[in-house]
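Before any questions on binding or motion, here is one chain by itself as structure tokens, the form predicted on its own.
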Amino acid sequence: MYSFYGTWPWYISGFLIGAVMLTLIFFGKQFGMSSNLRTLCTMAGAGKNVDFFKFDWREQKWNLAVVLGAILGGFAAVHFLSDGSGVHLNPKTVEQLAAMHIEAPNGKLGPDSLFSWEAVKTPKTVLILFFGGLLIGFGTRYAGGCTSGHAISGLSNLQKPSLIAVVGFFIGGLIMAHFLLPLIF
């Protein structure tokens, strides 16, 4: 049972992801988290005003189970499958965060200076969250899917647009982490 408490090795996680993807391909389904927002908006009636939301959402309701499973799985992992030691960061990462005046998470999922209620009350954090949300929403729509959809589903189906999108995600992440984040903080 102890093996469930730590990080799973890549060959176990990779095998499980691959098995899920083969099952989805067998049944003709595509995996992606961002498409669930479209499904939820359509269920709420957004198709009455916007053509993008005019589709049969019942064909995608199986994907809503993925969201529910991610929420329940995350809850179970934190509360039942954790040894309580939390997240451990590389000391070099902690050093780089300290240079930007961001304290180490100390076992939590994120540092308090970025992810606490006090931080959300500052105008700077609200602006970062607002513009970050706009950029993620625009990028997800412009790229035709999110990182999970392209990197897991699209690449496993050998789709060239997904390869281009994933390369773009990595380049954008590197630019953000090494050049823009130090400017913001």
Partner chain sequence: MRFLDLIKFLLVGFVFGIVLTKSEAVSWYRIYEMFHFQSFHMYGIIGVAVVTGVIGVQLIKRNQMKDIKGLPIEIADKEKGFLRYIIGGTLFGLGWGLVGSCPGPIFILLGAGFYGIVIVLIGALLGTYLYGVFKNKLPH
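Numbering follows the first chain given and starts at 1. The term rigid core refers to the most C-alpha atoms you can superpose between the two forms while keeping them within 1.5 Å. Because the structure is predicted, anything quoted here is derived from the model rather than measured.
Unshown form predicted in complex with the partner chain; subsequent notes refer to it.
Chemist: Is the gap between Lys61 and the partner chain in the predicted complex 4.5 Å or less for some heavy atom pair?
Modeler: Looking in the predicted complex, residue contacts with the partner chain include Lys61, since a heavy atom lies within 4.5 Å.
Chemist: At 4.5 Å between heavy atoms, is Phe52 in contact with the partner chain in the predicted complex?
Modeler: Within the cut-off, so yes.
Chemist: Met43 near the partner chain in the predicted complex, any heavy atom under 4.5 Å?
Modeler: Met43 lies outside the contact set for the partner chain.
Chemist: Do Trp57 and the partner chain share at least one heavy atom pair within 4.5 Å in the predicted complex?
Modeler: Because no heavy atom of Trp57 falls inside 4.5 Å of the partner chain in the predicted complex, the answer is no.
Chemist: Heavy atoms within 4.5 Å of the partner chain in the predicted complex is the criterion; list the residues of 75-113 that meet it.
Modeler: Going through 75-113 in order - heavy atoms within 4.5 Å of the partner chain in the predicted complex - the hits are Phe75, Ala76, Ala77, Val78, Leu81, Ser82, Gly86, Val87, His88, Leu89, Asn90, Lys92, Thr93, Gln96, Leu97, Met100, Ile102, Glu103, Ala104, Pro105, Lys108, Leu109, Gly110, Pro111.
Chemist: So, superposing on the core, is the move of Gly173 at the CA at least 2 angstroms between the shown form and the other one?
Modeler: Stays below the 2 Å threshold, so no.
Chemist: For Leu109, state whether the C-alpha moves by 2 Å or more between the shown form and the other one after rigid core superposition.
Modeler: No: Leu109 shifts by under 2 Å between the shown form and the other one.
Chemist: Superpose on the rigid core, then tell me if the C-alpha of Ser153 is displaced by 2 angstroms or more between the shown form and the other one.
Modeler: The answer is no, as the C-alpha of Ser153 shifts between the shown form and the other one by less than 2 Å after core alignment.
Chemist: How does the C-alpha distance between Gly84 and Ala104 change in the predicted complex compared with the present structure, closer or farther, given a change of 3 angstroms or more?
Modeler: It is closer: the C-alpha separation of Gly84 and Ala104 falls by at least 3 Å in the predicted complex.
Chemist: If the CA atoms of Ala44 and Phe138 move by 3 Å or more in the predicted complex, do they move toward each other or away, so closer or farther than here?
Modeler: Between the C-alphas of Phe138 and Ala44, the gap narrows in the predicted complex (3 Å or more compared with this form).
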